[in-house]
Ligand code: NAP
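So this first bit is one chain, no partners, the form predicted on its own, shown in structure tokens.
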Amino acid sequence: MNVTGKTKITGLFGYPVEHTLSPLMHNAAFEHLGLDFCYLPFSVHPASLKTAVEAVRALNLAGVNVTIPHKESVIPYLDTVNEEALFIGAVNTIVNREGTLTGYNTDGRGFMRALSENDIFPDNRKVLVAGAGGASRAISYYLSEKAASLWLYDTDKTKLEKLASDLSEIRDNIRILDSVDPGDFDVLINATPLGLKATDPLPLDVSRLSPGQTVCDLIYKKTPLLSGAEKKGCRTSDGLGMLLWQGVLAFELWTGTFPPVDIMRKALLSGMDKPA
């Protein structure tokens, strides 16, 4: 990649960002298409988020992705937020158009594209989402449109009730759980961070699972939850597809060009194979 005075900069705001695979897939796509763009990770402490967002405009960055812990707190610092992201209450992509910063959320659409790519269809199924944070809000917005019923669970009851309340304004199939029996659902999705660390407890009791169920994890590696679900004969899907497709959609927002999906996927997989 040759950086010039005309190179347009994109990147990622998060804290931490050292583990991110996003630069690999975006830079591979830019290079493949011959676009004069590059993608950089920016470690942004929460106390510096407002300054960092102002820098997008000041430095004329083309745009950035936004990840944990900034997806919700970034909204007040943007000029506009599209309707989808505003309802979800979380932004994962910022586009700079001549100094106007617009927030989008491509997580939910990316997740649904990843499901369909793996022939997983929540249509008319009983679906459970564990977790009520920003990622859960994004996927639940779309899942609730397809599922026969969408059941939500989180130990943080305030977040749980807020998510259920917001979704119930547009859907009539939303339910809250005080406790979870994983055997009761067709499709189960872990939208919590549990599984990132080897010492984390399981977000769901795998002993209650059985063949015929589908278990998804938004974490983009094979977690203990997915390993346990596979042993019970369940169909499983990790979060790598969501990571890929949310990036595909963000790339298109920044460049106006649909990227080479297979090139981005290959770059992600190569990054997964490298030791941390």
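Every value quoted in this text rests on a predicted model; they were computed, and no experiment measured them. In case it trips you up, residue 1 is the first one in the sequence shown, and so on.
One more form of this protein should be noted, the form predicted together with the ligand, which is absent from this view; the next part is about it.
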property	result
Distance check, Gly239 to the ligand in the predicted bound form, heavy atom within 4.5 Å	yes
Non-hydrogen atom contact Ala198 with the ligand in the predicted bound form at 4.5 angstroms	no
The ligand contact in the predicted bound form: Pro193, any heavy atom under 4.5 Å	yes
Asp156: touches the ligand in the predicted bound form, heavy atom cutoff 4.5 angstroms	yes
Residue (of Ala132, Leu150, Val91, Leu188) lying close to the ligand in the predicted bound form, criterion heavy atoms within 4.5 Å	Ala132
Leu249, Ala28, Ile219, Ala52 - the one with a heavy atom within 4.5 Å of the ligand in the predicted bound form	Ile219
4.5 Å heavy atom contact with the ligand in the predicted bound form for all of Lys71, Ser136 and Leu243	yes
The ligand in the predicted bound form: contacting segment from 44-52, 224-232, 57-65, 211-219, heavy atom within 4.5 Å	211-219
